[in-house]
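Heads up, the chain below is alone and in the form predicted on its own; it's given as structure tokens.
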Amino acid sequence: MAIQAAVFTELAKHGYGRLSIEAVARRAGVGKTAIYRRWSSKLQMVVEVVSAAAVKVMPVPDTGTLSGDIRELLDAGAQAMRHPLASQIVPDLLAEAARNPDIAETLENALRETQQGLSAVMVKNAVERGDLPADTDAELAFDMVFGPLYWRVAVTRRPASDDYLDSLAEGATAALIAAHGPAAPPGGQEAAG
């Protein structure tokens, strides 16, 4: 735990470019070898620590409704993005990714794994409840839910009030249903209309 906390503190204080394994080790009260036994590089250490933290703060909701699941995910996402360390670390890592193809690829792969896991379960639950059809694109669903939230909180740095999150959840739910059509009725028959 001390190493993970040290990584976050050093990232927030100095950014990825100036982060060093030596500084992380010093702050965590461990030797450099303790870190190198676990991670072979600064990039691997940062991506693994940040990814693990993202998974912890983004639980997969199962409220019983698609809109409820989306609202819960938005709330967790907004809280995570408003965290003082995250609000410093995420933009810095994205800026580094724009300059360094290795960072970009590693960060993209880590984010994609986390994103696909969350969205796949959310969509699977919605399909099983009959909220969405089986061919719903889980990646598009995630983008439709989190794109506007990320833009508001991380890019424009505007607050995401409960009213805003409620409206965004309603809009994302309606957009997903509109983009993918209604779920087939039980028994596989086409709905009359």
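If you're wondering where the values come from, they're calculated on a predicted model, not measured in any experiment. All residue numbers refer to positions in the sequence shown, first residue = 1.
Below: the form predicted in complex with another copy of the chain, not depicted.
Shown here without its partner, the chain carries 5, 50 and 70, none of which come within 4.5 Å of another copy of the chain in the predicted complex through any heavy atom. Of the heavy atoms in residue 117, none are within 4.5 Å of another copy of the chain in the predicted complex. Proximity of residue 102 to another copy of the chain in the predicted complex falls outside the 4.5 Å heavy atom cutoff. Proximity of residue 152 to another copy of the chain in the predicted complex: non-hydrogen atoms within 4.5 Å are present. Another copy of the chain is not shown here, and in the predicted complex it never comes within 4.5 Å of any heavy atom of residue 61. Along 128 to 150, residues 139, 140, 142, 143, 144, 146, 147, 148, 150 each place a heavy atom within 4.5 Å of another copy of the chain in the predicted complex.
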